[in-house]
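Next up is one chain by itself, shown in structure tokens, the form predicted on its own.
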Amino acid sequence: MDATPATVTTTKVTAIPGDGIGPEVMRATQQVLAAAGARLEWEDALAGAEAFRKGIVSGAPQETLDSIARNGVALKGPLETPVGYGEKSANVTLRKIFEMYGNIRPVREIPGLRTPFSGRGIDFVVVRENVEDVYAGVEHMQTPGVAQTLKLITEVGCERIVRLAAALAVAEGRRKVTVSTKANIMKLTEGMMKRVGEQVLKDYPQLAHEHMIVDNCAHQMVIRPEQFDVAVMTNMNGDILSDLAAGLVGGLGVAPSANLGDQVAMFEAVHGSAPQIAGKGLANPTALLLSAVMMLRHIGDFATAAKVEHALYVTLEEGVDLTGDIAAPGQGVSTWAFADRVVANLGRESAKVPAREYRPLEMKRWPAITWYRAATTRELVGVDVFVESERDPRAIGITLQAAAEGSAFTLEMISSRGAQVWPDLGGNTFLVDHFRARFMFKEAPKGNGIAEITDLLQRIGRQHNWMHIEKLQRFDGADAFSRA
């Protein structure tokens, strides 16, 4: 059952048809929503390939950004994204500009779609942190043959996404939240998600919660997907596992999603633009229709959301007038015939729609401030210096020891791609021209340590090309850096 608001007002929505099949599935979706009586006013906007062709490197013109900011709600079709070179993803741009930090991906068995998992009652939600992690896009070539990306995880970012996952569980009457991380390897970044998640979920005693290593989570989603209710994870893990989860119930072609922030919500189909069938009336609008159902619930129109969802499920369940990707061989119909069938089924109810009483999602509002996490004590204990060299580790160790002689530091170790190579531990590390040299202060610096670090870098620079440094600090008595 869906709660029904006392009054229904007209909501202005930014409509971004997108690329390839986007305009077709958008038109079909709007047709169904209008027939269902959704009180929506559409404001068309441009993003994606056409914007790139106009030289807009973000893929999103200012007029589109202004429309989204004005309306606070957007429905978006698929956008083309350059791969490997050139412009940034317009999808990522929109999420970052409007700080849509939460990506919501429902994973539910769909009637009429046969998969190896049919009949098992899969019904869970993947909640993905949407703006941090390696998607910050901070990358550098360290040497001509070594690239680096920064995995940026913040305490407040972890808290925001876990609180959103918990709020979603409460709004949908779910019972368990699984925090999934790679904290066994990345103890500071992924470990932060684990620690913060466990702490935050203590505030929700009505919810059971657990931690699961992400590779095991992928394994469990395939072995026993019924065990999940809400699964929350960092950006890259969530990106991968939400697509895996979609594969359990029919694939990306029928997978809806929402991107939520404090000011803006954007609902989108997560499938590609399928340029090979664009303009042929062959596209399946199911994913965008289900995304629109999520949008209707977001704006409080629970009754229309239920009406559209039931009509869609009845259509898929009966198997009459389905698009070619899900119909029996040779029986596929056009996008428009499928939409017409859904419209004809409005008012009918499917027994396959899960009995769930949706409530308004109560998201915490985060203040627009520069978030600062203070430490009671802060100690600078050393510095990692990354150097480029074609010498062997023993030779590098000799030269760096010589550089440190007479400085405030001693050379503690040298590593290559995270494995210690000096002092020699007797392994067989494959060497590349990128080394991390760890220098520790002989005694605590009297000031901020900058003068001592500058002196060390000048000494190292006489024999080596160094790329960057990382301070080694202790916060509140605990090491704030990893070991080799």
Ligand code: NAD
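Under this definition, the rigid core comprises the largest set of C-alpha atoms superposing within 1.5 Å between the forms. Residue numbers here begin at 1 and follow the sequence given. What you see is a predicted model, and the numbers here were worked out from it, not measured in a lab.
The protein also exists as the form predicted together with ligand NAD; that form is not presented, and the subsequent description refers to it.
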Is residue 268 close enough to touch ligand NAD in the model of the complex, meaning at least one heavy atom pair within 4.5 Å? yes
Hey, in the model of the complex, does residue 76 get a heavy atom within 4.5 angstroms of ligand NAD? yes
Heavy atoms within 4.5 Å of ligand NAD in the model of the complex: does residue 274 have any? yes
Ligand NAD contact in the model of the complex: residue 91, any heavy atom under 4.5 Å: yes
Within 4.5 Å of ligand NAD in the model of the complex, counting heavy atoms only, one of 283-291, 383-391, 181-189, 217-225 shows up; tell me which. 283-291
Check each of 198, 340, 325, 412 and return the one that places a heavy atom within 4.5 angstroms of ligand NAD in the model of the complex. 325
State the residue from 159, 80, 109, 172 whose non-hydrogen atoms include one within 4.5 Å of ligand NAD in the model of the complex. 80
Contacts from 9-24 to ligand NAD in the model of the complex (any heavy atom within 4.5 Å), listed N to C, are 21
Superposing on the rigid core, does the Cα of residue 53 end up 2 Å or more away between this form and the one not shown? yes
